[in-house]
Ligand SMILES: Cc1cc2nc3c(=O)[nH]c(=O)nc-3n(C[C@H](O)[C@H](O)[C@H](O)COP(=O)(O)O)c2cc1C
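Presented as structure tokens, the chain that follows is alone, the form predicted alone.
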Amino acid sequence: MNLLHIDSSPLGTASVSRQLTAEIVRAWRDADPGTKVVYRDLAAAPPDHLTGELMQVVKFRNLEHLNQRQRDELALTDALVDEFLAADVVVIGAPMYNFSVPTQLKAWIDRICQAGRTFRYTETGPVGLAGGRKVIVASARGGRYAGTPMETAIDHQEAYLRAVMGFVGITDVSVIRAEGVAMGPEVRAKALEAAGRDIERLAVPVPA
């Protein structure tokens, strides 16, 4: 079992999403000690956002007359896609920032959505090529939104991640959520306790 562990919060030890991803990975390895973990900290080493120049290279694969920066960015993109496709399970730490995901996580998503590798276009629309793996999103939110009309209107975090993963063919997406973590110590503690129970209930497929 190969597990890709992604963190995106820049808050370090103060990050709730990092705490949740660490607990998820720990629970997974406890259930399957043979799990091989690859860790990528997108806050510590964020991929560059796609400029017009980089779009030509890493998205449209115009590979003639590349300079060193372009070659490096192409190699990074291919490495990120390789990591993603090598994983049986992907654990993504995704705090809600202004109703969306951190910019570092968006930059990673822009790299792994690669035509011909994780999806392809057909006459009837896009087809995902990265199915057959599981994604677990560790979601941290300062307020409470789940199940409310406000969430329906403004959720460009969890809903976005489900949509992106579905686009590349992944339908097995679980969300471990801690809500209200900025609403005081008591609310935060209860949110983490509830998330801990959800982590304990995760179904970990252990090889026979």
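Note that this is a predicted model, so its numbers are computed, not measured. Heads up: residue numbers just count along the shown sequence, starting at 1. In this text, rigid core is short for the largest set of C-alphas that superpose within 1.5 Å between two forms.
Not pictured, yet referred to below: the form predicted in complex with this ligand.
Asker: Since the chain is shown here on its own, which stretch among 158-166, 140-148, 44-52, 28-36 would lie within 4.5 Å of this ligand in the predicted bound form, judged by heavy atoms?
Answerer: Only one stretch qualifies here: 140-148.
Asker: According to a 4.5 angstroms non-hydrogen atom cut-off, is residue 119 in contact with this ligand in the predicted bound form?
Answerer: No, residue 119 sits far enough from this ligand in the predicted bound form that none of its heavy atoms falls within 4.5 Å.
Asker: Classify residue 181 as contacting or not contacting this ligand in the predicted bound form by the rule of any non-hydrogen atom within 4.5 angstroms, answering yes or no.
Answerer: Residue 181: yes, in contact with this ligand in the predicted bound form.
Asker: I'd like to check something about residue 98: if you look in the predicted bound form, is any of its heavy atoms closer than or equal to 4.5 Å to a heavy atom of this ligand?
Answerer: Yes, contact at 4.5 Å.
Asker: Although this ligand is absent from this view, report whether residue 16 comes within 4.5 Å of it in the predicted bound form, heavy atoms only.
Answerer: Answer yes; at least one heavy atom of residue 16 falls within 4.5 Å of this ligand in the predicted bound form.
Asker: What residues, if any, in 164-179 have a non-hydrogen atom within 4.5 angstroms of this ligand in the predicted bound form?
Answerer: Stretch hits: zero.
Asker: Determine, after fitting the two forms on their core, whether residue 158 shows a C-alpha shift of 2 Å or more between the shown form and the other one.
Answerer: No, residue 158 moves less than 2 Å.
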